[in-house]
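Next up: just one chain, as structure tokens, the form predicted alone.
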């Protein structure tokens, strides 16, 4: 397994310095962001990851930093249910490094990779509920087309959905390579990315409720931060980045008022301000070292209000109902 390297880590440390107080690392993974926070001044990190396999990386950091790190094995979207977190008034920052990690992609048994054969799973954690196999083999053709188009932004979504349904009528689709070959028969080859990339992304998002969970977490993070606290998010595709960007605009009072579907905002009393006006992307040096950084974008916001926003209590990305 290739060693996991956190993307844009040095840029993050530079943008949020000086680091102090208690931080929440909502996507612990291999512990890269948690370790960097502790090395650079955080007095405590509340580390969260719904994938229990990440505990293998926890012990070494705990051996070095003891009770300066506390780990919670649950979804970061559920932090509002965690009494250890909700009762604190000293949260200095929340960081989210989204997307799949090397641990997911490099283990065929997790079902994320279209390069090696594995079961169609794609669950990031131990959650019950639909797997990739359930979605591929049980969703209607119309639902498959919608989620591949909206979550994967795949132009040939309807043709792919139709092909999936025709193939599953012959026999159940059980492996990642079977699904990848179905997609490759429809989508033209691309030198930069595998034709299956967008569809696999779409199914993974649907399995893990990624966009809805991100929306819920951003809203709660803004509420629990102390004044001067930081929200930092690393995204890996345009839908994630749009959610973070729109959230920042709303909380800073800069969202457009021309869209009748937009929630009400306050331009007089913003609760957040952008630390970096444009998202940070990887340098050539980092890209040469870590291909996973290719699509990464980092956005950082600082809380400037003593209280959380009263104008935007909820924000949830529209979710496609799977019907299974």
Ligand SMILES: C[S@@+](CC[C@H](N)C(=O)[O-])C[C@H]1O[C@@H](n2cnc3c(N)ncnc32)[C@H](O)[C@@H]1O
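What you see is a predicted model, and the numbers here were worked out from it, not measured in a lab. Numbering follows the first chain given and starts at 1.
As for the form predicted in complex with the named molecule, it is not shown, yet the points below apply to it.
- At the 4.5 Å threshold, heavy atoms of residue 104 reach the named molecule in the predicted complex.
- Within 4.5 Å of any heavy atom of the named molecule in the predicted complex lies no heavy atom of residue 279.
- Although the partner is absent from this view, residue 54 contacts the named molecule in the predicted complex, with a non-hydrogen atom inside 4.5 angstroms.
- The named molecule in the predicted complex comes within 4.5 Å of no heavy atom belonging to residue 130.
- Looking at 134-142, 69-77, 148-156, 222-230, the stretch with residues near the named molecule in the predicted complex, meaning non-hydrogen atoms within 4.5 angstroms, turns out to be 69-77.
- For the residues 167, 213, 246, 121, the 4.5 Å heavy atom test against the named molecule in the predicted complex is passed only by 213.
- Residues 26, 27, 28, 29, 30, 31, 32, 33 are the members of 14-40 with a non-hydrogen atom no more than 4.5 angstroms from the named molecule in the predicted complex.
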